[in-house]
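This document contains two forms of one protein chain, each encoded as structure tokens and listed individually as structure 1 and structure 2.
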Structure 1
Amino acid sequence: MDERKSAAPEAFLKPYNPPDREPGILALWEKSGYANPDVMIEKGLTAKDAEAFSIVLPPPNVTGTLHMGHAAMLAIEDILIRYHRMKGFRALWLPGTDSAAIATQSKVEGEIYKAEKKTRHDLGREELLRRIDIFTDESKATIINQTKKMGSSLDWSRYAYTMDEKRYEAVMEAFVRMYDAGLIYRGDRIVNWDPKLQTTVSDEEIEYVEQKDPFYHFQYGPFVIGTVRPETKFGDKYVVMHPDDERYKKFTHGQKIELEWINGPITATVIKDESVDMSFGSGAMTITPAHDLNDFEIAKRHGLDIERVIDDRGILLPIAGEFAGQHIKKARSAIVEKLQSKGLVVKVDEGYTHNVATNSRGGGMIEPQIKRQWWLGVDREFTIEHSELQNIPSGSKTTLKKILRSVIESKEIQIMPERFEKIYFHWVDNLRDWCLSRQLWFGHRIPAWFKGDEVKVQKNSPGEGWEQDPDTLDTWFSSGLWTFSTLGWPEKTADLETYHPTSVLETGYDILFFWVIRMIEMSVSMTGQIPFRHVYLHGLVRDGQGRKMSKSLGNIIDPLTMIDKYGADAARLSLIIGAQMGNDVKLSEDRVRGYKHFANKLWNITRFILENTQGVSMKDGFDEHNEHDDALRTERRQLFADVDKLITEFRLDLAADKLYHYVWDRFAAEIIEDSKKVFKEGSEEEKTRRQQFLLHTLQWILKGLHPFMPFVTEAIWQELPEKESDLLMVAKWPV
């Protein structure tokens, strides 16, 4: 055997270095066009009638850069797509980006003010939108290039942007249809109002920040009430308690009570309502219906007065008396002082910890307000003209809430892990009507037209004298259409026919109850189809100690830095192995570095095999079913049967782990070591069989690892003297 042994191919004389190799591999993939299933069919690599497997990429914000959450999502989705492509499916992974209207407009406005000391009102709508377009074009290029660096085999020929012309057409069509069906209406309800950005904010964009504030206990007639916000209490003329609370049995619903309050004597009314938590504080509370959602709901139930106390800028209104015109933050201490002087402060708990609602998209603290807005009614009955759902036939009357429950209960959509179903149903049961309108300039403008008291909802202007609603739609409205608008809807395209419903929605569990719900609502009401068959939930990526990554802790691990240092394959494996669906994963730089060693190991294994098999064909004299080395082949076949099953069950963590341990602990540590002995002491026939086994097994390993580690496996594939396809990404999965 030593006589036949020669130097390894030139490529293997140096260690594997990802920064040297990855750009070239990316260029090869892109040039091939194989990420486009149409190209695969044209070249005979996929059957025209093959089953479709499709994923629409959850669109990253154009303002953002790649973080570890994105990286985990990209790794998981790319594994699924590469695997199904190799299995012969019509595999489509469709890319896109999201306008992220609030975040984008806020960022651009901030930059303009910093540089020019001008607001959007100084520039005008047209000029601001022009500046935003310039900014988003640059940002799109950044996030797209970063996405490609992860090895994402997306079909860029089908790229979509939530604000492009085709998506605009879909958004307008959906709004008008839903309005005509009675699902969308205009009305006065309480909203999440951002005084800083002067716009409503969706529930999806609310971020609750833990904050410590004094908790005040005030004497309110015969009751003690508690609050962290004394500045809202000027309009409090109702005291609410649970009807079963024995402490307040002597008080009756509707009873009037005279008492001294902030600006003098008032008449308060007792309200009995079952929503009150008897165990919190004294069990009695006053309500501010214009500035709190729960208080608003109580007021609506009992037909109570609803008075505003705070204006859109956070300024106290005339109802506040001597405090009118003051900002709520500045007025708080003065209001407490006045109550103290009246002997109405019972006690103050310092350092009370509570969650404060803020606008996560660069805005300020949320101040609930009652506004006339456009709403999507989740309990409104409508006729579903076309339905492919199991339990809701075409032409029947239903509601969005019923649809949301039905598709999960029937398992038409499977949430994975299944334990998240309970949380999903909790959110659905508590779902409120969705506020669709935003007081922004960047976004899809609402197709509603006004002339005096007349309102018309249609795509184009009704004619002279009609003014279009200046508001834009919540960015989640266009995102809710994502699975089908990206495939050509409202036109009946071949893509829509072939790839919808999509196979998987892969996303973090932290946004399950927002985006998933919106997409089901929109897809079923517009197409009669579910948007996806599976919901794969990945966990949060935390640091090595299990802490959430944050700038303040200084523990953020940048995926781009990890890719530059250790390669995309190492970054991907570090996010997959040990990362069970729905569970958080602990990540450290050492962990990423460890998987770089695995890529090196694979490189060195290949060098050994190629050194010891030069001039040997995989076909000559090789019989897959002979008795020699049969146990090794049986083991290999069983390994891939297990891996195959695990991937189809979405246990990517276990599939990757099995391959990893087979390659490192079994193939490298035992089989290759045994092969050295065979090459030294075995007969010529034994040597040839072992050479061929190693060559075949190397190709099986490369194919198996390719979805998980696409770069190093493709780099090795390109150096093989004998292979079935020009690129590993289109090789057939081992059967």
Structure 2
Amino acid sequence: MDERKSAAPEAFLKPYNPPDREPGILALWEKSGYANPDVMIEKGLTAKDAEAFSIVLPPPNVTGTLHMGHAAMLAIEDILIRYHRMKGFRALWLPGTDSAAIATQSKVEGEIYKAEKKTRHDLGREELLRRIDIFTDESKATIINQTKKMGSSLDWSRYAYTMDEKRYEAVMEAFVRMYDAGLIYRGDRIVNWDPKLQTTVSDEEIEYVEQKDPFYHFQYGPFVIGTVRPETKFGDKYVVMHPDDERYKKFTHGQKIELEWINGPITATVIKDESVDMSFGSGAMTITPAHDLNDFEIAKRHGLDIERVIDDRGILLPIAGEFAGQHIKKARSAIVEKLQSKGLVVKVDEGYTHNVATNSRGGGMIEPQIKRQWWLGVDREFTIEHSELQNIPSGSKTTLKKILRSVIESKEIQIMPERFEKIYFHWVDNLRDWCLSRQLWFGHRIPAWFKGDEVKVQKNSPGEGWEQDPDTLDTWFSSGLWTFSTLGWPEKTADLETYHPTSVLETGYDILFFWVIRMIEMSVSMTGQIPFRHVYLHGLVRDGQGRKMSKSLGNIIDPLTMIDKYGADAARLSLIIGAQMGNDVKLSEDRVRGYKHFANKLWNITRFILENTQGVSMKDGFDEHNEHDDALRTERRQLFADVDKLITEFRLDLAADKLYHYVWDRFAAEIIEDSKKVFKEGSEEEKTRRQQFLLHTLQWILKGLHPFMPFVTEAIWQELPEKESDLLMVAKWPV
């Protein structure tokens, strides 16, 4: 049927069709076990004493599905790993999944409620955890399979899950050690309370949402005070103003004033404090220390009474008098009405815009409360027993904040792009103690034991009569240990010795502060080592118009659909080329389609070369030591030198772009075109020389492109009659 003189392998007679090839290639890689660096050494493909290059995969949620952000992360990390593996490094890319406590528990609770109309309290702790386990077991297969489809050469033999036995052990060990070192303490402080999920939330997880509310001005004795939250005002018996405020000169600090308030006459005390902004409103304010961080701090400074007004569910307490027992939402208007009837409402500004704290993890409004919780003190001095840091010697006294500054200032950890350093320092300087405990059931249970007033922090029960703290740890606590808990810590394993500190942490800039900071705190205080040498921050993947992808906009591009339609290679390239680190990527389907064409181009280049080199074997040295086509070879060498440099500088976008253009515009459009003439009119010697050049260069190209588009290059490699290794994945990077 085919009339062409082709004797090239059958495979190349049809266009490259990714779905026909990708599953087979995946199976080949998986069977080889080459993603495991130990296998590489066993087979003699990597030297025993080779330098290590390691990346720990930022673990996706067990219950999640793959989205474009994950796809970008996987593409970038896989490129780095494949490149270093081919370069002869002991390359380890360690996979895992995250339990994502809050998100997972509320998801499962929601489903149970929908199906059975039962809450977690109906089920009980044990049953809920059992259900969550079933759910996570089922759904983790999804994310793992999707991850594999991207071509990720992860070492699955080292797979870790934040809730598996070893990681649980590491979390317990870390908590106890940090407590013993004095870093973790228990204390009554104001927390971000989520009345909906009935748990505390860390500062980082709070999202401020703009909201319009009426702003009330009330008469408070001789003062006018403003508020958007009349329902908190019952406990307000302190009125605070700036000491320099001329308007209130005649009032003295500590002065008592009798005045009429919501539920009758009260005695108010004047407090002078410099934190008051004189230019805001009347310059006088009342405070609610139990439900506001700033008010709490003022109260602590002056030793004032702190009384709760609202309970954990948002219900007013007896202090509210006739309003007690009402939910704050409903009580607000009734309270305003009452004040109105007493003639205490001076004026109401409608449409006052302010920011309201919400729980970004699917919760509701945040209601600050005072609670006894476990905290990680960022300014607490402790003795670091073992340290490998430049500026912090073993046995010295330091604080977590000092560590956080030191490792970046000394460049032991390099943040890329560099501009994020500024943001990092700003964040570190404003860092407050981290509230570790969560009133959730799913998570690592805090290893603290109570008996009456006694508290013991240790892994196992101290004995009869001791009860374990019912709370669990913030999910980021276990995430903070990730670089070393996955390598076997607290045991002194060979993996830990070889692969820690890891080479690169690659993640989205949006979680720099959730995660990166915590990893540094944990790693340095527990192992004395930095967790990673480079932090590579990728941008967010947006739609073609630069909008965030969201369900409501209907502009989500699903990576799996893209893989099915255009192949994983095209999906990878579309996320790499044009995606400078730290900048957002605009992705449109057209772009993905464009790179599918490129895979096909490569396919046809191969076909041409194989057709024109029938029966010709690659001559060692002939290509390298031939003075005639020197310009072509110099160009090729230069290309790889450039690509090498770009990859070491983490400019994967430019490296891929360079290869792309060489292959298409130079190699295919010019060199191959020219070869047609050579094969038609050239002398035998010229032909031979050109055949050798094409055969060799094809292999260079396949190697160069392999980290970026592993499938098509491996598929072609499998069809080559002559090659140095069974799999391109482990071929040697050209030097």
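Worth saying up front: this structure is predicted, and the values here are computed from it rather than measured. Here, rigid core means the biggest group of C-alpha atoms that superpose within 1.5 Å across both forms. Numbers follow structure 1, counted from its first residue as 1.
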query = Do you think the form predicted in complex with the RNA is shown as structure 1, or as structure 2?
reply = 2
inquiry  = With the chain divided into two rigid bodies between the two structures, is L344 grouped with I413?
reply    = no
key: Estimated from C-alpha overlays, the smaller rigid part's rotation between the two structures in whole degrees   = 10
inquiry  = Could you state, for a rigid core superposition, the Cα shift of G226 between the two structures in Å?
reply    = 5.6
